[in-house]
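Considered here are two forms of the same protein chain, supplied as structure tokens in two stand-alone entries, structure 1 and structure 2.
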Structure 1
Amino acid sequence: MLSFRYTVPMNAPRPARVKTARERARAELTAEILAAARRQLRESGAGDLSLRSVARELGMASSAVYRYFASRDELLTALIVQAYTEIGEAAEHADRPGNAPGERWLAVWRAVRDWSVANRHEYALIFGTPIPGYIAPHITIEVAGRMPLTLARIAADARRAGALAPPPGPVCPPEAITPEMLVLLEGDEFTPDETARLILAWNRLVGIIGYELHGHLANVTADDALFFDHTARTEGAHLGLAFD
């Protein structure tokens, strides 16, 4: 399942000539299919995305699309990778390492929210209900880390500057956290409790946006942007960052 069976193998022997005409055409068509799928995802959501309709939009037979994506799931996987990449880049580009940790934190949170409200179906694709029977390929788990790692870097910088002062509260038992999670950033080791606070912050960022996008805050919050900023500050303060 999810075999990418028609795609070029990673370790195929490369010919002397860089690209044959066929390879160029293939790469172009693959990109066009992905673009059409993204277009349909944007306006109708993942549920309404069909291989046949993107084939129609591109004026080709539906069976021809299977030369480029072995299944609908594979097409969705490509869109998932795209979404993870974009939200990761949004976070990274919003971060200004020179600024104060609190400012950086708020800027990154806002950037992630902005991307999410502008790409709600893409957000749902990566943070909503998993597609039934769908198992995330290995490719996704790497790119999925870019956004939370941006948050971790801010905390690490604050920590190195002696500006990370988590307020008192229940202490997370170390055995609750995976060992490899404790070496999240090379050279900046967090305590298990700090790591737990980071995980919770990441979970909060995704969760509060989901609540907003999925309508759970409909009659609850009067000003979503204001409440989001408050949430960002609350979570940042819980991690030990200073604001204002």
Structure 2
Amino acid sequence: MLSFRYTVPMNAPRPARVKTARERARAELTAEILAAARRQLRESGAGDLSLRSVARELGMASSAVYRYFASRDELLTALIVQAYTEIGEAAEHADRPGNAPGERWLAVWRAVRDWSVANRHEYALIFGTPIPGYIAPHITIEVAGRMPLTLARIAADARRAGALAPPPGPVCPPEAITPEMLVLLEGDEFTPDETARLILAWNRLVGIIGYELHGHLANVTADDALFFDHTARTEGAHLGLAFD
């Protein structure tokens, strides 16, 4: 009589743990609370967001919501992390490493704008006027870096391929940049001037979108999307990227 024993290899991936019914219920209700909070954000703004108003919309007791988010600030942090995650994912999903750097750059800028136009209140939450009394915790830093690091990754790839050629211009003094910012990607060190140009591009991206969303380009640009593309190419060229 033959017998067979199956032994799982040491490096074999383990099956994902199945969530319990309680864990699934908690995740679903957390998502409902965040969705209601986003609706409140769009209707009243971040300053008027409260756990009580969210609970009232969901038909829940305030005490029940407090079991998921201990304070308004904790709820705001969750919304900020969610917004940074979404805009970061939009940038990352738009990037196609096999394409030319200029093409990748323009695609990422457009994806960030598309997300921002579709989620203007969430955009204002992370890039707009600071909320009085709220101090963002350290947890927001990593997710906040996903979008600008996508731009830096494009520049790093172009640099390795010999396709990054910044035009002449004023050179940024090294002491103007923090040491942490001088290394944007692990293993990819940029010069202080290259880092400064990346920071300028990221700020211009955030700024031009903010101008558009707040109506500051009214009677200034005839085609916001066309002017946005021009801005993306201008900042990319200042960084040293080539465009068709």
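For clarity, a rigid core is taken as the largest C-alpha set superposing within 1.5 Å between two forms. Residue 1 is the first residue of structure 1, and the numbers go on in sequence order from there. Note that the coordinates shown come from a computational prediction; the quantities given were computed from them, not determined experimentally.
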query	finding
Of the two forms shown alone, the one predicted together with the DNA	1
Gly145/Gly102 same rigid segment between structure 1 and structure 2	yes
Smaller-part rotation in degrees, where the chain is treated as two rigid parts between structure 1 and structure 2	17
Angstrom displacement of the CA atom of Ser63 between structure 1 and structure 2, core fixed	3.9
Distance the CA of Gly47 travels between structure 1 and structure 2 [rigid core superposed, Å]	4.2
